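Next up: a single chain in structure tokens, the form predicted on its own.
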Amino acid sequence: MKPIPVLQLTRVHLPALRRHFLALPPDDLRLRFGRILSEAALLAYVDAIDFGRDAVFGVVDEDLELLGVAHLGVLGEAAEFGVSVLPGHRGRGIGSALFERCATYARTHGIARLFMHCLAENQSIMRIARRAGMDVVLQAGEAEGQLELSPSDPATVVGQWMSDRLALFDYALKSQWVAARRMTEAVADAAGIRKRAD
């Protein structure tokens, strides 16, 4: 299986983040946040992300839309992992790629422990967590998972650097493709308008 490029997101990606969360069906929102959020609450959540403290990662498609998003909420030497993948794109390893990228980021930034909290029925996130070696405890309809991280080493730092370069290169190529397609469509539209005017 070829690697899935995972891009670290910034405030520049806020519009794409808003579209991603608004595209999630109500049940997915309930599984992701523990309850269904209104559109206003979702937009407030996205706008409140502290990109200086936390880390946010995404997997984009050919139109630069976010298929999957992971939010790593940093709390000192621990960080909470949250993830969402759009319907129709699950089962392709996107969630696992986002988890691995978050774990690498945490290790290289001195974070000793990853944890996650979800509803017990969220089998997808629990599968990802268990596959990564997280201890998952179920209690009263909820699940808690923890993973102690080993300190980073030179291989981890180089691996993160290479992953970042791959993701940036992938994003640049897709951006050029989107720009070229839009230009072609604009030229075709302009030519169609001229023909109609003639």
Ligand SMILES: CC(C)(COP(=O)(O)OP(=O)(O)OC[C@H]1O[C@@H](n2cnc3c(N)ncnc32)[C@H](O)[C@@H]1OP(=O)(O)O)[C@@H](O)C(=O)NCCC(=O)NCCS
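Treat the numbers as computed from the prediction; the structure is a model and nothing was measured. Residues carry their position along the shown sequence, with the first being 1.
There is also a form predicted together with the named molecule; it is not shown, and the following applies to it.
Picking from 45-53, 58-66, 136-144, 28-36, which part of the chain touches the named molecule in the predicted bound form when contact means heavy atoms within 4.5 Å?
-> Heavy atoms within 4.5 Å of the named molecule in the predicted bound form occur in 28-36.
So in the predicted bound form, does any heavy atom of Ser96 sit within 4.5 Å of the named molecule?
-> Output for Ser96 is yes: heavy atoms within 4.5 Å of the named molecule.
Please run the contact check for Cys102 against the named molecule in the predicted bound form: heavy atoms, 4.5 angstroms, yes or no?
-> Contact with the named molecule, no.
Look up in the predicted bound form whether Gly91 has a non-hydrogen atom within 4.5 angstroms of the named molecule, and give yes or no.
-> Yes.
Does at least one non-hydrogen atom of Ile111 fall within 4.5 angstroms of the named molecule in the predicted bound form?
-> No, Ile111 is distant from the partner.
Are all three residues Ala106, Ser152 and Gly159 in contact with the named molecule in the predicted bound form, where contact means a non-hydrogen atom within 4.5 Å?
-> So, no: the whole triplet misses the named molecule.
Using the arrangement in the predicted bound form, list in sequence order the residues of 117-140 with any heavy atom within 4.5 angstroms of the named molecule.
-> If the 4.5 Å heavy-atom criterion is applied to the named molecule in the predicted bound form, 117-140 yields His117, Cys118, Asn122, Gln123, Ser124, Ile125, Arg127, Ile128, Arg131.
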